[in-house]
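Next comes just one chain, in structure tokens: the form predicted on its own.
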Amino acid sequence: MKLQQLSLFLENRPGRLDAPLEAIAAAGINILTLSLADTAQFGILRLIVRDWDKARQVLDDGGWVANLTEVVAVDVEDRPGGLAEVLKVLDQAGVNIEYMYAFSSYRPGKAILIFRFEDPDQAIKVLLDQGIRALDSDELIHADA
């Protein structure tokens, strides 16, 4: 139930973001979702793609360092308080969330959020024990294929 996320550190200057994305596109790799966090000096581009192994190779060949990180996709009720309920369950179990961002796909009544947990196995167990669904990697990656 864990996904592989590619993370790239990019200098925060014009043209630094589009170059790796153009390389991925030229290789025929579709980006399913992304997140960009930035500071004055650099940014962290986080990507989820269908073929992360190929994308990592393309990025490595282009001179970018792409790190793999395990993340978890979580079904969240798409209604007021849906995310708050999930966060409460995780907080009560002492699960540390390092960061999270929205997945750019929609299923009726559900929002999908990507979480990076300090201990993903513990987080998945806590979520499942509380009836909160962590999506299977294949289900998420091929949802809109």
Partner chain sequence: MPTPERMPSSQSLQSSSSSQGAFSSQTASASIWDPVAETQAAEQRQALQIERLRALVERVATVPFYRAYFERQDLGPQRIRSLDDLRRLPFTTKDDLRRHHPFGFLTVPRAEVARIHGSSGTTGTPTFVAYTKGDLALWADLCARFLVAGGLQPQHTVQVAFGYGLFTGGFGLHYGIERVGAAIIPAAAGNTRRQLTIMRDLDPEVLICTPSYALTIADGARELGIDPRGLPIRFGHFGGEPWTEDLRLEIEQQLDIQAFNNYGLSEVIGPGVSGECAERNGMHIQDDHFLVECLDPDTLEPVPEGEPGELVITTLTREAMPLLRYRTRDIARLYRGPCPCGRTSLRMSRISGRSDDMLIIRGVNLFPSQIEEALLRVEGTTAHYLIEVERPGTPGRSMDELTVKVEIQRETFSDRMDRMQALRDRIAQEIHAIAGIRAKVELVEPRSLERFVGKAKRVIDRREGSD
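Given the structure is predicted, the values throughout are model-derived calculations rather than measurements. Residue numbers count along the first chain shown, from 1.
Form predicted in complex with its partner chain: not shown, discussed below.
- Against its partner chain in the predicted complex, the set Ala84, Val86 and Gln130 makes no contact: no member has a heavy atom within 4.5 Å.
- When you look in the predicted complex, the only residue of Asp119, Asp60, Asp51, Asp78 with a non-hydrogen atom within 4.5 Å of its partner chain is Asp60.
- Mapping the unseen interface onto this chain, Ser7 counts among the residues with a heavy atom inside 4.5 Å of its partner chain in the predicted complex.
- Its partner chain is not drawn, but in the predicted complex it has a heavy atom within 4.5 Å of Glu11.
- For the chain shown alone, Asp91 is not a contact residue for its partner chain in the predicted complex, no non-hydrogen atom being within 4.5 angstroms.
- In the predicted complex, no heavy atom of Ser104 sits within 4.5 Å of its partner chain.
- Residues from 56-93 that approach its partner chain in the predicted complex with a non-hydrogen atom closer than or equal to 4.5 Å are Arg56, Asp60, Gly63, Trp64, Val65, Ala66, Asn67, Thr69, in the order they occur in the chain.
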